[in-house]
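Below sits a lone chain in structure tokens, taken as the form predicted alone.
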Amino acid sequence: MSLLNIFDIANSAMIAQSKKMQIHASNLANSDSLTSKNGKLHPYIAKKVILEFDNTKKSIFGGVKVKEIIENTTPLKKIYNPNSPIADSKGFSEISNVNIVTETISAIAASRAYQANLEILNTAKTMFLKMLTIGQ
């Protein structure tokens, strides 16, 4: 493994964690939103980021990439709210399946993973700079 591979691996992880943070922020921001599909209102459905090993460089140290962004399959919650525009005849309406606590903790975890990879880049950079001063 070359020392340069460290930059590729940490960079791929930072891109993946950045995407996860974007999705968690989107889930938190839209947790009370309604979306329109085919002219009908629906509660916002949480999204999840699926990561996978990135072997595009044909190396065992390939890094990570976003495989896909899927909708969370957690069932929607039903609440009694007869004033909601999507309430049924009995006054119940479905609300988003976004769990605020889970999304917040996942966003913090993604942020910490991003910071860890940034620290790896800084450490590798310092090592390169020290290596260049050897022999001077």
Partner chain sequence: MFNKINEAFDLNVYLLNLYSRRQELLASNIANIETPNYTPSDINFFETFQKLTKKKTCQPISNLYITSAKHIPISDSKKLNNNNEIIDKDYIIRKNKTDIDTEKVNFIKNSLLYQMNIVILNSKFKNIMNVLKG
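Numbering follows the first chain given and starts at 1. Source: prediction; values computed, not measured.
In what follows, reference is made to the form predicted together with its partner chain, a form of this protein that is not presented.
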- request: Flag Ile60 as yes or no: does it have a non-hydrogen atom within 4.5 angstroms of any non-hydrogen atom of its partner chain in the predicted bound form?
  value: yes
query: Is the gap between Val64 and its partner chain in the predicted bound form 4.5 Å or less for some heavy atom pair?
result: yes
query: Is there a heavy atom of Phe53 no more than 4.5 Å from a heavy atom of its partner chain in the predicted bound form?
result: yes
message: At 4.5 Å between heavy atoms, is Gln22 in contact with its partner chain in the predicted bound form?
response: no
